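Take a look at this single chain in structure tokens; it is the form predicted alone.
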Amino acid sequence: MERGGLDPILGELTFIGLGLFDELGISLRGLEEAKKADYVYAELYTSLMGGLSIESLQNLIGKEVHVVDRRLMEDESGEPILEKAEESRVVLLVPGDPLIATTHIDLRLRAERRGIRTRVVHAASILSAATGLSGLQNYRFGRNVTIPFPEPGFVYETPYEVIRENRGRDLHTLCFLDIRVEEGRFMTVKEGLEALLKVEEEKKLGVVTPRSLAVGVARVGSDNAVVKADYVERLMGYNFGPPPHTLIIPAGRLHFVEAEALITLAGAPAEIREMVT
């Protein structure tokens, strides 16, 4: 098979999203594609799927699922997967939507350069799910950012600066909270807010203060998902339960529908109506 005069297609690599929480998040199309594959791999280190059972996933697909780690995907550039895909149908299962992480885009580019056809089967993403659950309007979100775990003697200022830039443009900020699957560490809403407040102590720009409004989201896609909005000083004491957690820092002003949604759906204090313009 030729691609418009380019090199012939050898095999096939399909990236399939698993969705947000457990094996039931895979789409019907994704499930059918996985069933037709010769080899099925799953990458589970870029995001936490708290309800995922590999055994149940294998039963759904009807074949073995090979779980790959960061070393294979990044240090080895996914080479074992690409070697199989040169002559076979290979599927890579990915948490959320497949091409959000740079790692997966890099693997797709490597495959295409080697003449391996690639396809994508999309699934639900935290990008849309968390913002939708909050009740904040999607078009009012600016650049998103990850809050890393702090390192001894070092403060990460980038998340704070991204929030400052977004608020300067009257936009909300979606903050991913660091996860280190290999270490079993998953940042909580409280830890994320503590990291931002630490930068605020140094910068003193009023970007994230104890009286700032924030929204915490936990276990999106599960039956016991939690969405809670409150002032930072109170939100830090709220029990969100097990991970994964996500944090949203709203803009300084709210649309009236956003305010009502935060009050009704996320238990925000009624006085946030004063933020409506």
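None of the values given here were measured: they were computed from a predicted structure. Residue positions are given as counts along the sequence shown, with the first one as 1.
Just so you know, the form predicted together with a further copy of the same chain exists too; it's not on screen, but the next bit is about it.
- a further copy of the same chain in the predicted complex comes within 4.5 Å of a heavy atom belonging to V220.
- Among heavy atoms of S27, some come within 4.5 Å of a further copy of the same chain in the predicted complex.
- Not displayed here, a further copy of the same chain is kept clear of L254 by more than 4.5 Å at the level of heavy atoms in the predicted complex.
- Looking at L20, you'd find a heavy atom of it within 4.5 angstroms of a further copy of the same chain in the predicted complex.
- The contact with a further copy of the same chain in the predicted complex, taken as any heavy atom within 4.5 Å, belongs to A124 out of L196, L72, V90, A124.
- Only one of 147 to 155, 82 to 90, 186 to 194, 97 to 105 places residue heavy atoms within 4.5 angstroms of a further copy of the same chain in the predicted complex, namely 97 to 105.
- Residues of 101 to 132 lying near a further copy of the same chain in the predicted complex, listed in sequence order, are T102, I105, R108, L109, E112, R113, R119, V120, H122, A123, A124, S125, L127, S128, A129, T131, G132, the criterion being any heavy atom within 4.5 Å.
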